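Just one chain is shown here, as structure tokens, and it is the form predicted alone.
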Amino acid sequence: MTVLRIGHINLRVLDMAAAVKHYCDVVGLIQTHQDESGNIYLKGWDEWDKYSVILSESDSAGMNHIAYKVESDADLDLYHKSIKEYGISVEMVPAGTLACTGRALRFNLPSGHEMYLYAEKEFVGTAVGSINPDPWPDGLIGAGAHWLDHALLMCEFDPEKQINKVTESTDFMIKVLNFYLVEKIMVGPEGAFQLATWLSCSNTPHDIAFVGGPVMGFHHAAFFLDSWEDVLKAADVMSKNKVKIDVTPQRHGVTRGYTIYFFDPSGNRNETFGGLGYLAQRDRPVTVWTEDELGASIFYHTRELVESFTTVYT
């Protein structure tokens, strides 16, 4: 019973044409499908399943749901039982509820975010194939993102009211979905409160992250790039396309990743995340960041937080 990786994210956008142009021409994703409701489906060139991003036109920005792929269809029955036993309401939905996808589980995390688990999605292959492949395909556009790497979700956090949905969601991911904790930020007297967590189900530094804030929401979706040079090129692509950049190229303390934060035309934050950082393992000691080094944990070069990074999300 194993969660393999992030499968896709469903984002709400205000202007579909502008959103498609952004995710294709700037991020470098490829459109693969459009359903009867007008939702647009996209993938990175190095992904083999049909899509990893769904764009849904709406009058408000943000995230509808996030989905993770499990190893086998039989795992869904086991997760259905364990999620229910944990005390969370869960529904098995039939094949086709998610486009081009088999049956799935639908439930809300303790944070309130909607999540799906599924095992089967239509296979289309990578842009270079799997027989004698080239290292990258011709005709890459924009940043040329390889794949959807992870997402960061904002969780309600108010220690004075004894509310910490970061801790609750982290507990669920570990105990029920068998993720493991890689890094965390502790704040408050004697570091008593878990402000942020980074969790993995694979060998990457994180497949999901939770950060505390005044209300729940969507912070960002990250798209993988191969190197620091690719991150710098992505910044050029963004400037050429007059994209609003939140944080110019930086290194994270947490995960050691190379990063740019920027916004799609609807105000949803994106990230181009470069480099592996390190090889995460279940027996690797959890990295702990303290409140006095909070700035360095997020933006290692400047060692200062950018106000918009913690206050602006959808």
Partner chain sequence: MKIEQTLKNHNITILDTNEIFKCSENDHLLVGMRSLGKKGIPSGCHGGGCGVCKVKIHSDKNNYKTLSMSRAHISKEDEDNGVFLACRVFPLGDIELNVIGKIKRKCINGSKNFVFNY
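The model shown is predicted, which means the values in this text are computed figures rather than measured ones. Residue numbers count along the first chain shown, from 1.
There is another form of the same protein, the form predicted together with its partner chain; it is not shown, and what comes next is about it.
Its partner chain is not drawn, but in the predicted complex it has a heavy atom within 4.5 Å of residue 288. Among residues of the shown chain, residue 134 is not one whose heavy atoms approach its partner chain to within 4.5 Å in the predicted complex. The closest heavy atom approach of residue 303 to its partner chain in the predicted complex falls within 4.5 Å. In the predicted complex, its partner chain sits within 4.5 Å of a heavy atom belonging to residue 191. Just one listed stretch, out of 160-168, 112-120, 97-105, 191-199, contacts its partner chain in the predicted complex at the 4.5 Å heavy atom level, and that stretch is 191-199.
Site annotation in the predicted complex: the residue of 151, 186, 211, 124 reaching within 4.5 Å of its partner chain with a heavy atom is 186. Listed residues 294, 20, 14, 9 were compared with its partner chain in the predicted complex; 294 is the one with a heavy atom within 4.5 Å.
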